[in-house]
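The form predicted on its own is given below as one chain in structure tokens.
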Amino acid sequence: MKLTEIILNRRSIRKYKNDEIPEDKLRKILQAGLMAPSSQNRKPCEFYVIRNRGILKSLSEAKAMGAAMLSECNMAIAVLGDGEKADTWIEDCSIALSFMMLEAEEQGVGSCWCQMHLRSSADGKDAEENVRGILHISAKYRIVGVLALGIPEQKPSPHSPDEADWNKVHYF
């Protein structure tokens, strides 16, 4: 597909078939994240691939809303930024997540970004702290989000170029 087609076809997928994601497709998705640009090429992003059903279930409860799909997906990729390596970890990890979502679309894999940064669990605990505890990772890592991946149960219609709100573009 051309990039414009990928962008229009990419939708947040929250319901998945029970099919495995082929290893070559996962590798291409991860490569897109690894090749994403970062400020001063510092590459502060780390990627944790999660297939364990128990861990996915725990991650689905790490924040109050919007993470339920993690308990149903085939696998997920937690995207962490090394805050000691770059102060642009939010931006760098966000770009990596976006690149992986676009590559997932190209590979026919459904994805949904589950934000953890600045979110809380139902009991008011910081979602990033919850994820750190679930994955047993150092406090130096910040968690931007977890990317749910799976073969889509249904594929929503693509977006239309007509949906672009050109009133948001300003020229000087």
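Just count from 1 along the sequence shown to find any residue number. On a predicted model such as this, the values are computed, not experimentally measured, just so you know.
A second form of this protein, the form predicted together with a small molecule, is not displayed here; the remarks below concern that form.
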*the small molecule isn't shown here, but in the predicted complex which of S58, Q31, Q115, S39 has a heavy atom within 4.5 Å of it?*
Q115
*Just to confirm, R142 within 4.5 Å of the small molecule in the predicted complex by heavy atoms?*
no
*Answer for K63 alone: is it within 4.5 Å of the small molecule in the predicted complex, judged on heavy atom distances?*
yes
*Tell me, yes or no, whether H159 is in contact with the small molecule in the predicted complex, where a contact means a heavy atom of each within 4.5 Å.*
yes
*Although the small molecule is absent from this view, report whether L26 comes within 4.5 Å of it in the predicted complex, heavy atoms only.*
no
*Of 66 to 74, 45 to 53, 122 to 130, 31 to 39, which is the one stretch near the small molecule in the predicted complex, taking non-hydrogen atoms within 4.5 angstroms as near?*
66 to 74
